[in-house]
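In structure tokens, one chain follows: the form predicted on its own.
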């Protein structure tokens, strides 16, 4: 069974969906959550993970020099030695040292087609462009911003969305199912 660390910065809705699937869903007997990590001590997802009995860890990034924070993060990740690192709303760019230490073992979900939009505000981008559909992208993390090898994409029908909030709800519903499906395929194929 693969050990994963889930990294978050906020509410952790994707982390919670993964945690539920690890407990009783399509990730049961595929992986175990070693820890939920955040760079923000007040991240709501840390509290939710702890309430589920999941180990949590925080290295606050605020007020630290980038080099100091990056070094602390790398040392902690090396000491934990997870099989995979799963980014689920982690809002900092990982340092290249972490990416080099865990090549093709860091996975991210992005709320847009990474060939069309990288970086923040994927749903806002789709809303402003008045797109009839968008794609959720699960990809490996490389040194670029949302430029890593695409693992899978899933279409989200945006027709009938009357607000950005509607669009985000529709997208998150897809994310919460799709991310665990992708992780199951990736982690299961790794076990063979």
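From a predicted model like this one, the values you see are computed outputs, not experimental measurements. Numbering follows the first chain given and starts at 1.
Although it is not shown, the form predicted together with a small molecule is what the next lines describe.
In the predicted complex, the small molecule sits within 4.5 Å of a heavy atom of residue 91. Within 4.5 Å of some heavy atom of the small molecule in the predicted complex lies at least one heavy atom of residue 109. Although the partner is absent here, residue 146 lies within 4.5 Å of the small molecule in the predicted complex, judged by heavy atoms. The closest heavy atom approach of residue 21 to the small molecule in the predicted complex falls outside 4.5 Å. In short, of 62 to 70, 119 to 127, 28 to 36, 150 to 158 it is 119 to 127 that has heavy atoms within 4.5 Å of the small molecule in the predicted complex.
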